[in-house]
Every structure is written in C-alpha cells, then in structure tokens.
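Below you will find one chain, with nothing else, as structure tokens; this is the form predicted on its own, and questions on how it binds or moves follow later.
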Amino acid sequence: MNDVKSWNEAINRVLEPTIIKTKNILDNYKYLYDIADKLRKAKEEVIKNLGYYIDKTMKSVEMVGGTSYLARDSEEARKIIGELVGTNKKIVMGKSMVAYEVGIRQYLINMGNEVWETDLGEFLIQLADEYPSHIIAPAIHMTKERAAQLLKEKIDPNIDESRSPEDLVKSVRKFLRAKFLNADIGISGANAVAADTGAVLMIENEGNIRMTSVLPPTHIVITGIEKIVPTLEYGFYEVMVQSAFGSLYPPTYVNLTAGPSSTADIEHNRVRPAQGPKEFHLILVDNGRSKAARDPVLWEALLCIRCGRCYFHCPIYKTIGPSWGIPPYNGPTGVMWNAVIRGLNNKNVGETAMLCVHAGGCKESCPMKINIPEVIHYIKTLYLRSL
C-alpha cells in the first residue's frame, strides 16, 4: 500500500480526470453553490446547539418506530452494537467511516459473526486487510491489476489481470449477492440525519446500501452527531452537495430511511413492519465531537461533509499518499478529524499536522468553505507549544 511507485501510478490515473469531472459538474449545475451556502449555515446552527438537536433527533427516530442511542466514545459504540447484534450472525455493511473509526467490523468478527463490507472499495480493502486510502474512494491506491490479483486470490481463481473493470465488478456482484440474501443484519452509515423527522439519508451508486438497508430484518445506522441537520430539506441539500463535490452527480441512488418498514394499505392505518426491516436502530457517536464543537477553531472541522475533494487539491496527499494520517482518517481533512477524535494534545496528531505546507487548495475546493489550513495551523501551534 505504501509503495511509492504503485501509489504514483494509481493516483495519476485518478487525479486529473476527477478534478475535471467535478469542475464540469459544478459548471453545469450552478445552483449547487447556493445550496452549499445554505447547508453551511444550517450545520453551523446544529453545531452551536448540539445538545438540543441530538435530543430532537433521538425523539424523532422514536416517533417513526425506531430506536436511538447516543454513544459517548468508541467503546460505548461497540458495546451498543455488540448487544444489538449478538453472536453467530451474518452481517452486511454499507460504507461507513464512523464504523471504521470505532472499530465495528473487527469487533463483530471477534464476537463470532460473519461480516462483509459491500461497497466495492471497502470490500477490496477488507480482502487486502488494509485501511482506506481516501474518505470516499477507499481503494484509490489500488490499480486495476492489483484489484484483479486480489480478487483472484480471495474469491475467484479464474480472474486474471487482463480482465476489464466490468468483469471484476461482475465477479464481486456474484459473490456478494449470496451475502445480501442470507444476512441477518445490515449496518450502514449516513450522509445526513434530519432532526425534525428522524429520517436518515444515504447516497450511493452501487446499490449495496439499498440492499443493506432493506433486505436484512434489522437495519442499524451508525454515524457521527455532526451529521445531524435541522430538517429533511437540509438532508437532501447535504446529499446533493456531497455527491457533486465528490464528482458523481447525480448519484445513482439516494436512500431515505425513517424507521422500520411500514404500510398503510389497510384502512390507511400505518403499521410496522411490512416487507423491509422489522427493526431500525440509529447509533449517534460523539467520540470527541461535542468537545470539538466548543473549541474556538476546531469546531469548523465538524462542518465537513466528507466529499473528499480536498484530497485531490493537496500536494502533500498526492506526494505522500494515504500514509499521511492516522487510520482511518488521512489527507488534509484527516488531520482535522484525528484532532477531533484523538484530541488536540495527541502527539501523533501534531506530528501529522506538521507535514502540511499550507498550499491552500483544500480551502479553495471545500464546499463548506472550511478554512482547513487555519485549523491545521492551530493544531501545529498547540503541538509546538507542547514540546
């Protein structure tokens, strides 16, 4: 993963096409800039009043027949999800950086469960036993040839390096279909959680999150408290902005889940469950976010919608690669996120921040207009004063 030649080859195949693609999207759909500005103001409102919005969100989830939890830290999040899942279960997971952050997958495997990532990038990462190299493109460091070799070793001996990406995706589709159909529990993240309705919004392109959130009898969502937005309207804003600045607009799917499945086809009386999941659980994770929200500089990190655009405009990430950071968070936004979840006094966080050269591309490319260089400068200053 850290091989320089391999990294350069992989990133050079992706970097320029992605930057051009995102620019074209933003040129063609100029309303996205206005939506991004509105979203920033709404997220500022939530960050300034986190306690109020957490309480409101949890009550809204209960109103639509779900169950909500607030985990103060990683250990508490693992304990909650461990009690919900139990042992000897088959579990499919949609992409979730927060699940990585608190160590959910390995924790559930250690409890005796069968757990499969279903996002293709995350699936490759799981097979390779590596960490994500980008916040929305976790296997960006893998060339097609390496992905083919990995799939040949792990799931299909008939695959060879000459296979097209379409053939590789077909092989994974065949393997994962059986996992979806036999899963007891689906676990996903969330792009936004609407405080007024308890609705969770998730964007994707593969269809794996749709199946993860609908086919198993239990759906568990785990996400950070900073994903709360005041209303469902802003939830849609967030998925639109995230997908556009993440270079895939419109997204193939926008999934909205508000409680367990339901029907009102008999006397228009809404009852639960229907054909989808019987249970819906939302786990909101704090893990340093409330403390960061009170910090005069670090609070701005919580505005991040994790589109990953800043990575492609950062010379340090391009040069060093995914090893610039502390897993699972890397890149310029990863410096901020590690300060949020590990603390501003963490030595490793400070050392990571020192590698930033303040080129400023991250700030210019950020849809939330987060002053990332200033936040990193702040982390550097605290680190140097501690020496």
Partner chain sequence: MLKNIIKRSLQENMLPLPISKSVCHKWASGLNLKKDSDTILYTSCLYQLIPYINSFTEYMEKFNVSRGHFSSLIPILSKFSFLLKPKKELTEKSEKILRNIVNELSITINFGYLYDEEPYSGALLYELGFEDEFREYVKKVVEIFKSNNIKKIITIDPHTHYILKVVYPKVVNFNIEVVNYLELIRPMKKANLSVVIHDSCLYSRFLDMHDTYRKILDNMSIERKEHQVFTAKDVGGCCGGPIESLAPEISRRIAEIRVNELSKLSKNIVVVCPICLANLSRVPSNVNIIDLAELF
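Here the structure is a predicted model, which is why all the values come from computation and not from measurement. Numbering follows the first chain given and starts at 1.
The protein also exists as the form predicted in complex with the partner chain; that form is not presented, and the subsequent description refers to it.
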Open item on the list: the partner chain is absent from this chain, but in the predicted bound form, do K227, R294 and V297 each have a non-hydrogen atom within 4.5 Å of it?
Closed with: no
Task: Contact stretch among 51-59, 36-44, 330-338, 347-355 - heavy atom within 4.5 Å of the partner chain in the predicted bound form - done: 347-355
- [ ] Verify the contact flag for E9: yes if a non-hydrogen atom of it lies within 4.5 Å of a non-hydrogen atom of the partner chain in the predicted bound form, no if not.
- [x] no
Open item on the list: Residue-level contact is defined here as any heavy atom of the residue lying within 4.5 Å of the partner chain in the predicted bound form; does A359 satisfy this criterion?
Closed with: yes
Open item on the list: Against the partner chain in the predicted bound form, would I316 count as a contact residue? Criterion: heavy atoms within 4.5 Å.
Closed with: yes
TODO: Evaluate V14 for contact with the partner chain in the predicted bound form, applying a 4.5 angstroms cut-off between non-hydrogen atoms, and reply yes or no.
DONE: no
Task: Residue (of I320, L70, L32, I326) lying close to the partner chain in the predicted bound form, criterion heavy atoms within 4.5 Å - done: I320
TODO: Report the residue, out of H219, R309, H141, K95, that has at least one non-hydrogen atom within 4.5 angstroms of the partner chain in the predicted bound form.
DONE: R309
Open item on the list: Given a 4.5 Å distance limit between heavy atoms, list every residue of 17-50 close to the partner chain in the predicted bound form, or none if there are none.
Closed with: I19, I20, K23
